[in-house]
Each structure stands twice: as structure tokens, then as C-alpha cells.
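Taking the form predicted alone, here's one chain by itself in C-alpha cells.
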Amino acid sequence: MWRKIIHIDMDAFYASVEQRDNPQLRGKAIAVGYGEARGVVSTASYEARKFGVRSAMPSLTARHKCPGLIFVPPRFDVYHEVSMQIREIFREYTDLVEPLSLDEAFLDVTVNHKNNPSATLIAKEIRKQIFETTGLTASAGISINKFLAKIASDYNKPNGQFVVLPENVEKFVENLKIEQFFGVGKVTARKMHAHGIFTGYDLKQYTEMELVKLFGKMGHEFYLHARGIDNREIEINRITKSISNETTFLQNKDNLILLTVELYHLAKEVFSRMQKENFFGKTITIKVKYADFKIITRSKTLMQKITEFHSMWTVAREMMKQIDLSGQPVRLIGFGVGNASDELVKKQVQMELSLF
């Protein structure tokens, strides 16, 4: 029997919450984030996206693309509260819910609490309930596995849904652009293009051995996904092992001060998420990708868990001074915290179970 998997993805979640709560922002181009120099866009409303404003875009670039752009500071406590409301709706239909973030989740409705045999109708009902409960819209993808459902959820955004039926899987995957596959970033896409791989059909022409030789472990995944195969189960007790954020610059940077300011904003957002998810690790990690795509990471493990921003940032700032900028400029920078103690992990599992 085919599984029935739904991927629910909220539409411009942070920005939509802000527009819902402030009528003056409705219908306007807004960005959730910090609008000052070296700030970064967290989420942009659909009005702003029409101008090319995107998540992780530098704020100055966003303002240049959309001169009337309104910046709104994030309210993660509110986003978390709304996310919990949405998860309660999911639980009315199935216990097999895998939250990926505050604004998206996988649901397995093969067997469901409503005894509804149609995953398409269930997705429609869930989206309707979300709107009636929160005033926000969601999009959905429906198919036989997580890989296909997640891709499908992007097809009729915003406020729509798309289903990939079992009999249509082969044609659907063959017509996908290679950039739509999991694990295919800009570097991997260029490598695939160099080997004549532009679509799912092209990818399917390669044997598993050939793909592993070209792309390492990911070659196994590419081989399966090219055939529409994804056997991953829904993980209802996902444990957060780390929290991180990163940004890619439109123009490479080699100024330590500007990079440190960028890192500061990333660290602030990571710490906000740590508080929201009750996650407090001990290891700070900074990631840097140079213009030649070489990636380095620097990590430091503290004696005690990180519970306040100032001490975390003091360590991170000193770590940043050790990054070598004498050669290549930087195209991407990231910040993360991981390595929670066993006690914290146990508490987090209990917290996650209590949410359901």
C-alpha cells in the first residue's frame, strides 16, 4: 500500500504573522529582520518578493530592490505560540507528525484519526482549519513519500496545494530541474551540469555506482530520488542537536568588521531560537565559505551550557578574530550552537512529547 504523506508549509510565516497582527502592514512590502546596515532579511512578504527580496538577503540589498520596504523586528515568542496552535491541528488527524521548523511539517495520514481515505481532502481540511484558527494561509504537497511531498508543496504557493499521484511519479521526477533535488546546491548543480545532468530524467540515466563515484554518499540518495524513491519514515521525536543560521553574500566580503557585524546578527537569531526551543548547548561553531568555495569551521566547547547572549557573543567575537582573511574573500558565514548535555536532551524529548 502506498503511503500518504503531506508536507504543510506556512506561507511567508513570520511576515504573515506580522501583517495579521498589524493591519497597517497588510498589503505592503515588509521584511522581518533588521533594517540597519549589515542586517539580514529573515522572511519577506509576498509583496516584497515581487521585487526580488528574499530570505538571507542583506538588508541594504533588499532596500535597493524595494525602496519602500518596511522592516519589522522578529517576535519569535509569537511565532512559536502560533506554531503550537498549528501543530495541535495536525494532531487532530494523525500522531505521525514531524515538525521541520516552526512553519513546516510532514504528516503521515495513511491511517488517520478521521478515517478519511483521501490525503488531498485532509490537506484541504487542515489548511482551512489553520486559516480559521490563526488567520494565516498554508500550502501543502501530497504524495507517497517525503521527497515528493516537500517538492510538491512549492508548486501552488501561496495558499494552494499540489498532489503527485503514484501513477504520475515517474513523469513528475523526470521533469524536475536538478536544482529541485535535495542536496543539490549551486556547487553540486554546476558539477551535474558539467556532466550533462539538468533534469531528473538526465540524472536517471546514471547508475548508482556512477553517481556515488561522482558525488560520494549523496550519490545513493540521488539514485533513489531520480526514481521517486524515499523510504524515510516520519520522525515524531526529532531531537534538536544543534541550532544554526547562515547567510550567503551577493558580493564577497573581506572586511573583518563587516563580517563580525554579520556574525552578530546571526548569533542573535540563533540565541533567540535557543530560548524559544529551550535548547542550551556548550559548543559554538563558526562556518566560513571562501570565494573559491573552500569551507572551514572553527568550534569551541565551553565548560558550562550557554544560557545568556553576552557570554556566548564574547567567545564568538574572539573566535572570529582567528579567521584568516589574508587570502580569499568570504562568500558565506554561519553561526551555530550544539552539544547539549544528556540531561538537556532528555528534558527536550519530554518537552517535545508533551507538545503532542
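Quick caveat: nothing in here was measured; it's all calculated off a predicted structure. The term rigid core refers to the maximal set of C-alpha atoms that superpose within 1.5 Å between the two forms. Numbers follow the displayed sequence, beginning with 1.
Beyond the structure shown, there is the form predicted in complex with ligand TTP, which is absent from this document and is the topic of what follows.
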**Study point:** Site check 14, 46 and 276: each within 4.5 Å of ligand TTP in the predicted complex by heavy atom
**Key:** yes
Review point. Hey, of 289 to 297, 309 to 317, 47 to 55, 327 to 335, which bit sits against ligand TTP in the predicted complex at 4.5 Å between non-hydrogen atoms?
Key: 47 to 55
Revision key, fill the gap. The one option of 75, 227, 87, 157 with any heavy atom within 4.5 Å of ligand TTP in the predicted complex is 157
Exercise for review: Would you check, heavy atoms only and a 4.5 Å threshold, whether residue 18 touches ligand TTP in the predicted complex?
Suggested key: no
Point to revise | in the predicted complex, residue 59 touching ligand TTP (heavy atom, 4.5 Å) | key: no
Review point. Taking 4.5 angstroms as the cut-off for heavy atoms, does residue 262 touch ligand TTP in the predicted complex?
Key: no
**Study point:** residue 108 within 4.5 Å of ligand TTP in the predicted complex, heavy atoms
**Key:** no
Practice item. Any residue of 87 to 112 with a heavy atom within 4.5 Å of ligand TTP in the predicted complex counts; write them all down in order. Key: 103
Point to revise | Threshold 2 Å Cα movement between this form and the one not shown for residue 309, core superposed | key: yes
Check your understanding: With both forms fit on the core, is the shift of the CA atom of residue 269 between this form and the one not shown 2 Å or larger?
Key -> yes
Practice item. Using the form shown as baseline, tell whether residue 99 and residue 278 are closer or farther in Cα-Cα distance in the predicted complex, where the change reaches 3 Å or more. Key: closer
Exercise for review: Note whether the distance between the C-alpha atoms of residue 268 and residue 80 decreases (closer) or increases (farther) in the predicted complex, against the displayed form; the change is 3 Å or more.
Suggested key: farther
